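Quick setup: one chain, the form predicted on its own, written in C-alpha cells, and binding and motion questions come after.
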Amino acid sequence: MSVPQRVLDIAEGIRSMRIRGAGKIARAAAEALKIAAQEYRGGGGEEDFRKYMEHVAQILLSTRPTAVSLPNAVYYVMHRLEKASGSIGDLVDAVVAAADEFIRESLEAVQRIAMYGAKLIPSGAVVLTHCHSTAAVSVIAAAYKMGRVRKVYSTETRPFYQGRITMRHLLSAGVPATQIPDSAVRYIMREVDVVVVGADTITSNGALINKVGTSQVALAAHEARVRFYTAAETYKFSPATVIGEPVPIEFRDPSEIVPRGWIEAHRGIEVLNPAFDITPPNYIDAIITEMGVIPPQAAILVLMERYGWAIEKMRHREPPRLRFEETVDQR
C-alpha cells in the first residue's frame, strides 16, 4: 500500500518529537489523514480506499503511545469516514471536511480555554509553568493582558528543553518570564501564587498525564498550598480509561539524556528515560477546558458526553496497534 511521503514525514516528525505538544500532534495527525485522502492513487473501489485510510491511521497511531490527543484526532476523522458513503470522491471529501473541522475546533478550543483560564489567575500573580503547552501559555498570556500576571517562572523541561519554547512564546507576548532548572521548582514555589500546565492526557478519574516532572511540580504546589490548574482541550480526555485501559507511559531512548558512549563505557548501568508521569486528581484544583472550568471528578462526564460513541465501540473491539518501524517497512 503506497503511502504519500508527506504523510510518512509527519509520522516520523511525531515519533522523533520534531512535532511536539499534544495539540500540535493532534492537528498534524488530522492533516496527515487529509493529505493521505487527497493523494490517494489506488485503482480499487470504495473498500480499497477504506483499507488504505485504515493503514494510514495505524501508521499515525503507532508513533507515540501516551498522548491521547493523537488517537482522538485519528478516531475523529476515521469515524466520519466510517459513517460516510458514496463514491471515492465522496469519501475523500468526508475525510478532508472532518480533518479541517478538527483542526479548526482545536484552535478555537485554545481561545476559549484562554478566556476561562485567565479569570482564575489572581491579580498580580506569580505563575509557574512546566514544559510547553499552547493552551497553558494562552491562559497565562491572556491573564497578563488583563493585568493579572506579574511574573512567570518556566522550567527548562529536560531533556528536550520544551521550556525554552514556552519562554519564546511568553516573551513574544510581552510577559516577564524567568527560566529555571526543573530541580529548582520546590525552591521557587514559595514565590508562586498559581501553577498552570498543559496536558497530554486526562483520564476518566481526572488524573493528569503530562511531561515527566509535572507530578513533582504538583506535589510541591500541594505542599505549599499553591493552586494547580491544567489547561486541556477535551480531545485530550481518554475514552479508553473509561473501560479500564491504562495509559501507557512512553520510555524513550536513554541517549536523549546521557551520551551513548557513556552508556557503552559503563555497561551494566540502566538508564531510564520516561517521557511522562501521572499527577493524581487530588493534586489538581481544576481542569480548564473549552467547555468551562471543571473539577477533576467531572472528567468522566466530559468523556461520556463527547466520546460516548467511541467508548461503546471500544467495549466491543480494540484496534490493532503496529510499531512505526513495521509500517514503514511495508510502504
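Residue numbers run from 1 along the displayed sequence. Because the structure is predicted, anything quoted here is derived from the model rather than measured.
There is another form of this protein, the form predicted together with a small molecule, and it is not shown here; the text below is about that form.
Could you tell me which of 174 to 182, 240 to 248, 196 to 204, 219 to 227 sits within 4.5 Å of the small molecule in the predicted bound form, going by non-hydrogen atoms? So the stretch in question is 196 to 204.
Is residue 310 close enough to touch the small molecule in the predicted bound form, meaning at least one heavy atom pair within 4.5 Å? Judged by the heavy-atom cut-off of 4.5 Å, residue 310 is well away from the small molecule in the predicted bound form.
Residue 276 versus the small molecule, in the predicted bound form: is there a non-hydrogen atom within 4.5 Å? Residue 276 belongs to the contact set for the small molecule.
Contact flag, residue 131 vs the small molecule in the predicted bound form, heavy atom cut 4.5 Å: Judged by the heavy-atom cut-off of 4.5 Å, residue 131 is in contact with the small molecule in the predicted bound form.
Answer for residue 15 alone: is it within 4.5 Å of the small molecule in the predicted bound form, judged on heavy atom distances? So residue 15 does not count as contacting the small molecule.
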